[in-house]
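In the block that follows, a single chain appears as structure tokens, in the form predicted on its own.
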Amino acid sequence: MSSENPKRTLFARFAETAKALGHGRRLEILELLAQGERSVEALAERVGLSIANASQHLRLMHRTGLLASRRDGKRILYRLNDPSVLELTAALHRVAERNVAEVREVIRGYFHERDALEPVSRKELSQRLRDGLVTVLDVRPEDEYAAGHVPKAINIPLRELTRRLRQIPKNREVVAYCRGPYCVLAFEAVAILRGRGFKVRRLEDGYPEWKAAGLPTD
């Protein structure tokens, strides 16, 4: 039996997991994988990395238990290992938002400039969906919507929003959502729709949090 202090062994492994989160691009990759399983090539294209660079980030997160993988022919597909990975990144967001001045400045600037209203909670949206009182708008890319979405949500990717406004009813409130609480797609969509006269609010987070809460999905 090893004479090494077991607590130090644990803390060393915990530190390796924390280190795997210590890169902005890895957090972007985790946000994308929270939407569903993705290949290395698809992740590299969406994050704007070379395949080699994306693979390096993915292998590191796989070694530390954040990701699981499987082979599909010549492709390697990655996914979050379990829902606790989403909880871990959410805790990181909360700590930084509360304690890092630059984070608060970005949120007050870019994000609040586009939507300073109180977002809709998951509980409120779930109730309003049951009552048929709201139009839910998913502004993620089509493949993410196809992998799973909030029931009855219509999918209009942000890049197509201005030319597809007629598909959104103006006679009731719209709730927009995308990948998570800091996903710029929903903030941009809210700003566009308010500028065109829609009554619109934003979901408090995104599809992964909705699914993790055990709420219905399509």
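Predicted model, so just to flag it, every value in this text is computed and none were measured. In this text, residue numbers run from 1 along the sequence as written.
This next part talks about the form predicted in complex with the DNA, which is not shown.
Shown here without its partner, the chain carries 32, 46 and 84, none of which come within 4.5 Å of the DNA in the predicted complex through any heavy atom.
Contact annotation for residue 90: none of its heavy atoms lies within 4.5 Å of the DNA in the predicted complex. Proximity of residue 145 to the DNA in the predicted complex: non-hydrogen atoms within 4.5 Å are absent; the residue sits far from the partner. Using a 4.5 angstroms limit between non-hydrogen atoms, residue 67 is distant from the DNA in the predicted complex. Remark: residue 160 does not count among the residues lining the DNA in the predicted complex, judged by a heavy atom distance of 4.5 Å or less.
Between 152-160, 166-174, 35-43, 180-188, the stretch whose residues reach within 4.5 angstroms of the DNA in the predicted complex through a non-hydrogen atom is 35-43. Among the residues 130, 123, 71, 108, the one placing a heavy atom within 4.5 Å of the DNA in the predicted complex is 71. The partner is absent here; in the predicted complex, the one residue of 104, 75, 112, 94 having a heavy atom within 4.5 Å of the DNA is 75. Shown without its partner, the chain has 41, 50, 51, 52, 53, 55, 56, 57, 59, 60 in segment 41-64 as residues with a non-hydrogen atom within 4.5 angstroms of the DNA in the predicted complex.
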